[in-house]
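Have a look below at one chain only, the form predicted alone, in C-alpha cells format.
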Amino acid sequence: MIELLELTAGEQVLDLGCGTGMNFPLLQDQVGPNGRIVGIDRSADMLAQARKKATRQGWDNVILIQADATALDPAEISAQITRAGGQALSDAALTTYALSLMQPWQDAWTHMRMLTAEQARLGVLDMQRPTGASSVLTPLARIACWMGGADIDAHPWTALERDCTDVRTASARGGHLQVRAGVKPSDAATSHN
C-alpha cells in the first residue's frame, strides 16, 4: 500500500491507528528526514512503543497523538500537529489493519479524510474472508480477526472506493488482505461523509 501511495521526500503522511509504528520505517524511506509522519492511536501503550522506536532510530520528524479516531475533533488534531511542527493537513494518509477494529469505522474514515489536503493520496489495508481456493481458510481467518477484535465483514476499503478517484487495488493471501489507494478529490467535488 505504501508503494501505491507514491509518497515523495518532504511530504507529511498520517498513519491512522499507527499502533507501535510498524509502518514508520517504510514511511521514513519515502518521506525522508525533511518529511513528517503523524501517528494517531488511542492506545497510550502502543504510542509509547512507537515513541521508543522513533527515538531509537533518531527520527525527529515523527509526531504522535493519542486520540480515538472515531471521536476525535479534526480541528483540534490539526492544531496539535501544527504546534508540534507539522502542517495542519497531511499530503497522504493510510490506515493498516485498523478500521476494522474501530466502531463506527466510518467516523474514523471521515476524520482521516478531514485531516488531509485536497488531492491527498489515501490508503486502506484491511481484511476480509479469504476467497477462491483460499476460502477453506475462512474459519482460521475469522478466529484470528475475532481474537484481535476486528470485524472481518467490515470491508472499510469500500469507503475509499466510494470517496476517492484514481483508485488502485491489490490483494494478498487468497484475498484475505485487501489494499486500496486513491486520491481525495477537492472538497467541492465530493459530498460524502
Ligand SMILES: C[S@@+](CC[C@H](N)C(=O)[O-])C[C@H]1O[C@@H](n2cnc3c(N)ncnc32)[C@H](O)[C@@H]1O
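Predicted model only: the values in this text are computed from it and were never measured. For every residue, the number given is its place in the sequence shown, counted from 1.
Below, we turn to the form predicted in complex with the ligand, even though it does not appear here.
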query: Proximity of Val38 to the ligand in the predicted complex, heavy atoms at 4.5 Å; finding: no
query: The ligand contact in the predicted complex: Ala159, any heavy atom under 4.5 Å; finding: no
query: Exercise: Leu177 in contact with the ligand in the predicted complex, heavy atom 4.5 Å; finding: no
query: Met22, heavy atom within 4.5 angstroms of the ligand in the predicted complex; finding: yes
query: Complete contact of Ser43, Met46 and Thr70 with the ligand in the predicted complex (any heavy atom, 4.5 Å); finding: yes
query: In the predicted complex, residues of 82 to 99 near the ligand [heavy atom within 4.5 Å]; finding: Thr96, Tyr97, Ala98
